[in-house]
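As a starting point, one isolated chain is supplied in structure tokens, in the form predicted on its own.
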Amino acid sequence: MGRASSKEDAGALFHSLRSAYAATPLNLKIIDLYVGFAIFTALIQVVYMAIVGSFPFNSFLSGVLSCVGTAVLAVCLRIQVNKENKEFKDLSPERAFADFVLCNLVLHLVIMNFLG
């Protein structure tokens, strides 16, 4: 009895999440796709390191930290661009994107410096 209700609850939760995400604006969906790609790339690098080895460990760390840092900055961009977020209502989307680009530039300069 408990198992059937938990399946129904999971199905109802999945349906409500899917219907709520359908109302999400396209620009936020594109940012979500970018975040997913960055995390997927980091996971591919971790799997590759597990299979092949981590001889140039600085390169592995740089690649993974670059992907994770980019994903974190993209999540910050998503928070700032979201119209429903009242905390950043005075911040224009262009300014948020400029902050994102500048922070990405600084992040990747640090990553390139870490490579050696």
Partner chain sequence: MAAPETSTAAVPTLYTNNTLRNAFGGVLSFFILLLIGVMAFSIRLFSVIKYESVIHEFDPYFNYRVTQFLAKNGIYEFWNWFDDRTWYPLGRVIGGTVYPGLTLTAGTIWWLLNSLNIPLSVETVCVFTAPIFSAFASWATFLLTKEVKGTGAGLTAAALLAMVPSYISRSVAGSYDNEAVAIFALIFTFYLYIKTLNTGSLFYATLNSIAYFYMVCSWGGYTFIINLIPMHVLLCIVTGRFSSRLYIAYAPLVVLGTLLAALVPVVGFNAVMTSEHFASFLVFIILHVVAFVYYIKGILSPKMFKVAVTLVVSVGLAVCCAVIAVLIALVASSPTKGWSGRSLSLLDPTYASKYIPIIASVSEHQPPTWPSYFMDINVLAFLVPAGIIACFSPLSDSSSFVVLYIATSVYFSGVMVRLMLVFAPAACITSGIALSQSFDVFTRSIKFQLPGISSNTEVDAAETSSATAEAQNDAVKTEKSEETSKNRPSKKSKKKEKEEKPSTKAKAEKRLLALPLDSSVISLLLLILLGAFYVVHCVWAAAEAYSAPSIVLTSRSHDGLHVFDDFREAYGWLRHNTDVDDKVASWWDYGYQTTAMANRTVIVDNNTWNNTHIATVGTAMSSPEKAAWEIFHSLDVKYVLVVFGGLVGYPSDDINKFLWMVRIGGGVFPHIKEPDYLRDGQYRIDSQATPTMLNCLMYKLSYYRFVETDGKGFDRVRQTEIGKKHFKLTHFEEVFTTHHWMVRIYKLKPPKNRIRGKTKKSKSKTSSTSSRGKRSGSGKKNPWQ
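In this text, all values refer to a predicted model and were calculated from it rather than measured experimentally. Residue numbers count along the first chain shown, from 1.
Form predicted together with its partner chain: not shown, discussed below.
Contact check for A38: no non-hydrogen atom falls within 4.5 Å of its partner chain in the predicted complex.
Shown alone here, S16 lies within 4.5 Å of its partner chain in the predicted complex, counting heavy atoms only. Residue contact check for Y34: none of its heavy atoms lie within 4.5 Å of its partner chain in the predicted complex. Although the partner is absent here, D9 lies within 4.5 Å of its partner chain in the predicted complex, judged by heavy atoms. Along 47-62, these residues reach a heavy atom to within 4.5 Å of its partner chain in the predicted complex: F57, N58, L61, S62.
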